[in-house]
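What follows is one chain in structure tokens, specifically the form predicted alone.
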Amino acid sequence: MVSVRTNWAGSHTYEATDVVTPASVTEVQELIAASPRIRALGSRHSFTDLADTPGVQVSLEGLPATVEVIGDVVRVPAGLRYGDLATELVPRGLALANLASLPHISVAGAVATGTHGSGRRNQSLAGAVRGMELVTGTGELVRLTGAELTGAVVAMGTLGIVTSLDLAVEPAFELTQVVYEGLSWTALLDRLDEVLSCAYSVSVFTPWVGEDVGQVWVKARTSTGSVTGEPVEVLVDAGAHVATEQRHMIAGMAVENTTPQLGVAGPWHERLPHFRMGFLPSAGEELQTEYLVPMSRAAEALGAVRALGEAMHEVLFVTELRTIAADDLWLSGAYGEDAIALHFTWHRDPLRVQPLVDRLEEVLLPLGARPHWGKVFRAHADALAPLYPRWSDFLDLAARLDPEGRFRNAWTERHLGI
């Protein structure tokens, strides 16, 4: 047993008495049977008490790290990080359709919280799941597929300890990454869907103040070798220009931490993330908040948040705007409709961030915004339930798979009502 006291950003100190690293699924079953309260820890990239428990935390990093390709899916141990999974897939000529901005996160943790990359036609990382193996609250090892799987994929660790996942894969591909600057807010709002659809994956980084949006990171698929990315017509026409040097989205941070830009093509796993595996992701000591808003309300959401720009300015590092394609996963932020994600990276100053999060929720929740489960948000279960058509079905599933409430904690009580 080891003691892991804080999450990666230092924004939460865990209450858990111990962290246990089982070496087999059988050991996971034994731990659950012996623990009235237990939670999976993941890679500690959540910003709250989501993964905490008054009992025992389970690190899945000790499970066998065998990656198995079965037809058009890859069976992955739950504790494997995406960057390490990529090194297993590349020699096989395979790829995942999308990755998050950080390759440092565990597969099971990212999937369970609805973590995503970007792209108008790209679903969240959870959208790649084709099967799941988990140990339930009764100690039973079950494999979920089909209709039941749609309720269990984005579950925040409330249904059991996930031990492996089956992810859809495709032939490996390359991308170029180019950063554009000089885009005005007027041009972005006039041509919002065109800008967000101009490449395979697009991210807009903004401080919300001023007439200039900030940066637009464009990741375009290519079938050629190392080439310079072609100018994106919609961005050039809108007055943006290509950055001629490597950029970090947060002013003053080391550009060496970011994945290669400047239009040089590279493999999918070295372009889809914003940050390199062996380097510090984002700003380090920070807080993060994110809301997924239906694309049909995107312009309203951007206008409402832009009105808060000056109030947020001194506490905000940057906001990233991304898009996620619709899925049928019950507690997904993109359930039933394409979404735009508004991701806020804050200074680690909870007393100043909290009232700003309250103000964001005042304007975004009425637009149908759903929070990223792994980030900082304030809404409780009574406010969240109407945003998810399958909410009651999920609670029924949780009661069936965890009848004694072993995987529940203060977070699930606040935000799920269980």
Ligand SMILES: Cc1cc2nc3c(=O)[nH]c(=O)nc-3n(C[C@H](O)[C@H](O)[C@H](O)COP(=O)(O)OP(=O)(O)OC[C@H]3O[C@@H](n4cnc5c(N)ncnc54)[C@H](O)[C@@H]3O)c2cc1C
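None of these values were measured; they are calculated from a predicted model. Start at 1 and count along the sequence shown; that's the residue number.
A second form of this protein, the form predicted together with the ligand, is not displayed here; the remarks below concern that form.
Residues within 4.5 angstroms of the ligand in the predicted complex, judged by any non-hydrogen atom, belong to 96 to 104 and to none of the other stretches in 233 to 241, 96 to 104, 262 to 270, 309 to 317. Remark: none of the three candidate residues (35, 136 and 406) comes within 4.5 Å of the ligand in the predicted complex, counting heavy atoms only.
The ligand is not shown here, but in the predicted complex it comes within 4.5 Å of a heavy atom of residue 45. The closest non-hydrogen atom of residue 129 lies beyond 4.5 Å of the ligand in the predicted complex. Put simply, residue 286 is close to the ligand in the predicted complex: some heavy atom of it is within 4.5 Å.
For residue 154, no non-hydrogen atom is located within 4.5 Å of the ligand in the predicted complex, even though that partner is not displayed. A heavy atom within 4.5 Å of the ligand in the predicted complex is found for one listed residue only; from 353, 369, 40, 360, this is 40.
Think of it this way: in the predicted complex, the ligand has a heavy atom of just one of 123, 177, 115, 258 within 4.5 Å, and the residue is 115. For the stretch 153 to 180, the set of residues having any non-hydrogen atom within 4.5 angstroms of the ligand in the predicted complex comprises 156, 157, 160, 161, 162, in sequence order.
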